[in-house]
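Two versions of one and the same chain are coming, encoded as structure tokens; call them structure 1 and structure 2.
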Structure 1
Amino acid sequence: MIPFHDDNNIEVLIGTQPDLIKPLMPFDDQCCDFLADLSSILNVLPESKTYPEIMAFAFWCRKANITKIKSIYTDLDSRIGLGIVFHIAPSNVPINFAYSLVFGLLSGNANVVRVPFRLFPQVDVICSAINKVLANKKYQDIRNMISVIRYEYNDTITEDLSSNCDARVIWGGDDTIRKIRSFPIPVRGTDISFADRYSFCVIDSESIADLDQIKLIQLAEGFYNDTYLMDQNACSSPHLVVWAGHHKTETKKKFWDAVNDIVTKKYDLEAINSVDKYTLLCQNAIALEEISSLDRYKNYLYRQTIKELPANIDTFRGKCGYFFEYDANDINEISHIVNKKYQTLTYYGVDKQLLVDFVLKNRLLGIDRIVPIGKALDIGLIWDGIDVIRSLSRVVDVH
């Protein structure tokens, strides 16, 4: 049993102390049914509609999507979950804990999930929906496989939970991961870490020039979803936009004007974020000698053009609608910037095979995902190059 302290340092949002229950096979029917029912409840909750990321999670959990994902795994007949997985969710992305929980369930495991100590309404909405589904007697076994908890940074609690799990999934910055890794897990335990990453976007300018107004708005909305929904805090949200093709000046304006239209209609820019973004702008103006120009759309959108890409551009991040831009004659000319930090490459108007070749032929250490604009936040069971189902389950080797 994983120990919960009796001193009220832990707030239990879902479940109780999990016993070392028997694991399930990946994609167990009851788990899949549970996710389908959770999707249905989230879709009708009025509170869900306030948060696009909750609706996206509900859409991801729907029966058709889980069935589609399951069909990709054709070799799971001899696999079973590891036991209990302890998940440490990132502090700045409220919806992430839910995906991590689903990763553990679909792998066949019981799960203890630590949500951010900061109070996010999205966490409460999802936990309330999960509790409603678990009230169904049909999900008695699943109820014993889920504990969602909240506690302030506490090394003793984290160390205790780590020492009693069969696997640990850590989301966070490099320092956070190093600190949590210092707490040992059982000798046969498995550690999976999803560290801080950097992502960027490639757009073909000539493809933008050919867009009609409807398709332009759709593209701008996709870019908005990739970036503004998470204030660019998600690892997969781009900070740098690389422009390929000719006639860049006119088409860039066309694209950014469309993005700005979406942002001003949808985005709630808090005063503190506006101040932080402007402060970051001033800091980068001092630190980056390669900046050649700046375009501001009030406080909603900043564009800083880079005349030459420094190798450490990944250390300069955007926030709440702050982007660096670079004009490339050939995608291969930016290969020098790609290191292990790079996760997602979003694109529009560029042949995706060209981008695959860019990674493989340049033998790059980074870029784990290549997806169209609008799909940056679409999480999958292969994340950061890690197959979660296979990593959180074991093989019964039969001869």
Structure 2
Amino acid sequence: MIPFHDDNNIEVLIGTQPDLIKPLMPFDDQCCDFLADLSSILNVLPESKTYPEIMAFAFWCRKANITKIKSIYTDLDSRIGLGIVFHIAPSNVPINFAYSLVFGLLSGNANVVRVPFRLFPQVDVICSAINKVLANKKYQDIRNMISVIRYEYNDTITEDLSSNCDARVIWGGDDTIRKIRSFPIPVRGTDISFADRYSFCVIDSESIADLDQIKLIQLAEGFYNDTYLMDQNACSSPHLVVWAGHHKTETKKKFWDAVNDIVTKKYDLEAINSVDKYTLLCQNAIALEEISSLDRYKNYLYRQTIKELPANIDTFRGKCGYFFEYDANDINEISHIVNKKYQTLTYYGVDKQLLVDFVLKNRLLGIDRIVPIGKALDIGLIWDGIDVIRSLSRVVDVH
């Protein structure tokens, strides 16, 4: 292929084209130190205050967190990275490329990361911080393992990069993934796709009834962060809230009133959000026969109760604070809705083992993640049911 620097269609933000590929072991010390330094630099940048997602990323790759994550793995002694990983970040989430890069690095690989073509200041802030850290001589090995590039949609470039990687990580909508998959990777290559997913939430109403004001606000803030922070567009943001337990009517109101208080204070509802939401409401009124009632907190929060859960409920997505609700006697009664699209199940007041059993005992094809309310957007090295470190490294089998 044409080297990056000679291709006018490619803008190189970090690094050079990897040539001599020398993988590392997962969680190599140099790599962990690099992330710790990056975290410190990002933490003190004035721009980080403007972009909370940069702050969150810096917090995630701080030394303590990486050490904690590393300690979970016990079988890394005979593992090593696959080689080069080609990452295609989603076009509308500025920060995602950084996590994808870290996934590749921590598993011991050299990385070519395509960031969105649309210019995001967050991307430039992170890239310049990475460049700053890489200037330190002790990161010479790491420097050869990172290239971040930007190019406008271009089949030839994508095809070239695909044919030269050992693994490809694709983030995006179903059409994007299908399109990129049409470019072959080498026969021994690995494809990991993070596609469009659906997520929902289970809350035990009795635990809400018992909550004091402080805990209630904490819970409502957690729910707000899971949903409104990304206008409910993130794959792990819930669209459906399933209520378990008794005394549902009053406790539901208690919960939503608290959420609404936070939304009114924090959420910047734009005119287009209201129009989109209202239009969606009218469309659902026509298309979803199971609707039984609607509660509107002005245009800030729509709750639509459905009396029966249709099997295709995952095709009805909320946006900007639009939720479907269902009253369940037993969680097992909703197993019929779960399909491969289901990613995250957030919960409150429900025993998590019960939820694990719900997935395993009902032999479900979906639900890869079960996390408390407030943690929906926390990205991890196990994502969409894939153990990224182990998928992007190989085992040297020794006897």
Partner chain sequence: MMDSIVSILNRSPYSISSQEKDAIYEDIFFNLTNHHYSNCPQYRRILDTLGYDTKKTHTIDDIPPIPVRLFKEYELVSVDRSKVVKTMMSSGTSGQKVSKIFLDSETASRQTKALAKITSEFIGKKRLPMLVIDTKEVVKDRNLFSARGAGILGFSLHGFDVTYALDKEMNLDIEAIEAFSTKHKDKDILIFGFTYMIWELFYKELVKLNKKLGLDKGILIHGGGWKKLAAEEVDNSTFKKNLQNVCGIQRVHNYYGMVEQTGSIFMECEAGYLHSSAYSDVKMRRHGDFSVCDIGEVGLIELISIIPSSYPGHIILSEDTGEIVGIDDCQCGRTGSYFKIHGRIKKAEIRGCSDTFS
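Just so we're on the same page, rigid core means the largest C-alpha set that superposes within 1.5 Å between forms. All residue numbers here follow the sequence of structure 1, with the first residue given the number 1. Please read all numbers here as calculations on a predicted model, not as lab measurements.
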item	value
Form predicted alone - structure 1 or 2	1
Core-superposed comparison between the two structures, Tyr347 Cα displacement 2 Å or beyond	no
Yes/no, Pro94 Cα shift of 2 Å or more between the two structures with rigid core fixed	yes
Asn136 C-alpha moves between the two structures by 2 Å or more, core aligned	yes
Cα displacement of Glu53 between the two structures, once the rigid core is superposed (Å)	2.6
